[in-house]
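Below you will find one chain, with nothing else, as structure tokens; this is the form predicted on its own, and questions on how it binds or moves follow later.
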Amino acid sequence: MLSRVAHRLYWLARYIERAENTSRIINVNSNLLFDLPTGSRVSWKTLIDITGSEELYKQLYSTFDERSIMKYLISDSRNPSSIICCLQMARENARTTREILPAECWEKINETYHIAIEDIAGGIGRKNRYESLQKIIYGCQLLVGLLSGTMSNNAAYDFMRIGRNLERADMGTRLIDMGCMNFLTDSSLTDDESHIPDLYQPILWMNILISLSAFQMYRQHVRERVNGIDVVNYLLKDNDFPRAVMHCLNQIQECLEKLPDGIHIAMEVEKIKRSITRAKTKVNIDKKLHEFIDDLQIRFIKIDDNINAQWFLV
């Protein structure tokens, strides 16, 4: 398989996963508005912080109000990680690799993109936001299911699985960070909006679980009242839940070991897994967890760099 084809398939999967997970992150914050008592304030700037795009945002917008942030994350063509841009890039990558993909997958990507374009206004406004973003989430999930059920498990599919799971692990840590950042002390908050009171933290963590479609699996696994430490441990370290970071890393490692010359990158993935396992008794919901997640995200970037150097820069 040509290097450029592998690169497009890898990023096709990443763009689809990023569009889905950005929709999930927005839904967490939006749902909190309805679940928290009247008078509670939810920081919209947190969404910019966890996507790591504050510098670009400040170049484009002057305030961190809800509508500007929604436009930036959902529809702004100047933001390469906005949902619309991700779907557009995924569609372009699919168009140029149609001979590799099952025909139904190209049709589904095309359909999801056009649905997103039609519903773009509803996503920015609060009234129809949840329904609009759910359509994108379902479209992306259906696409992943189609690929899983109709594509040969060859090297092309392995590159897509690596891309999808690396993006999923990265965005999973960002969602955990979203809960973590609301636990930081007042002095660590830089904007003028309050964090969520401790009394209502279980609501935040429950929304994070629901946004990952993880609530039922969590309850079956933990069997305790929802609390931050158990949720973090579950979403970081569970081997069986598909959106847990450890499960994603297992999938990436399995694919890398099958690809030619992929074993040294697989060993780097193994080191990340060990650090997560070692953090088992140390993880607390405080600033240290935030720093630990930052370190994980840096190591994910290094994995991406190594994959680029190994297979795509030929």
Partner chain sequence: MQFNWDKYPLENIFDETISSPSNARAPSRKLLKNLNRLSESDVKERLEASDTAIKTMGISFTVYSDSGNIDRQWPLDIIPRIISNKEWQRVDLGLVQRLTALNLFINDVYNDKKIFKDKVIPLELVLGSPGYRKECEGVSLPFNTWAHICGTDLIRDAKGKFLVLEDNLRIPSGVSYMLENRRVTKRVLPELFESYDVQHLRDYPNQLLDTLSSIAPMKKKNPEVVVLTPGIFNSAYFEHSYLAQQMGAELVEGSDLVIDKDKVYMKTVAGLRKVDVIYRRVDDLYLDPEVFNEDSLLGVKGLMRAWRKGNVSIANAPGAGVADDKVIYTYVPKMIKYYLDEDPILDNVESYLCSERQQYNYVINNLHNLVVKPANESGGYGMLIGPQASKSEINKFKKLIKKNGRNYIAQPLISLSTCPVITSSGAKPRHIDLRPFILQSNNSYVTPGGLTRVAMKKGSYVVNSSQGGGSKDTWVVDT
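In this text the structure is predicted, and so the values were computed from the model without any measurement. Positions refer to the first chain, counted from 1.
Below: the form predicted in complex with the partner chain, not depicted.
Not one of 218, 271 and 275 places a heavy atom within 4.5 Å of the partner chain in the model of the complex. Just one listed stretch, out of 76-84, 134-142, 232-240, 94-102, contacts the partner chain in the model of the complex at the 4.5 Å heavy atom level, and that stretch is 94-102. Contact between residue 308 and the partner chain in the model of the complex is not found at the 4.5 Å heavy atom cutoff. A residue is said to contact a partner when one of its heavy atoms sits within 4.5 Å of a partner heavy atom; residue 157 fails this definition for the partner chain in the model of the complex, lying far away. In the model of the complex, the partner chain stays beyond 4.5 Å of every heavy atom belonging to residue 225. Mapping the unseen interface onto this chain, residue 110 counts among the residues with a heavy atom inside 4.5 Å of the partner chain in the model of the complex.
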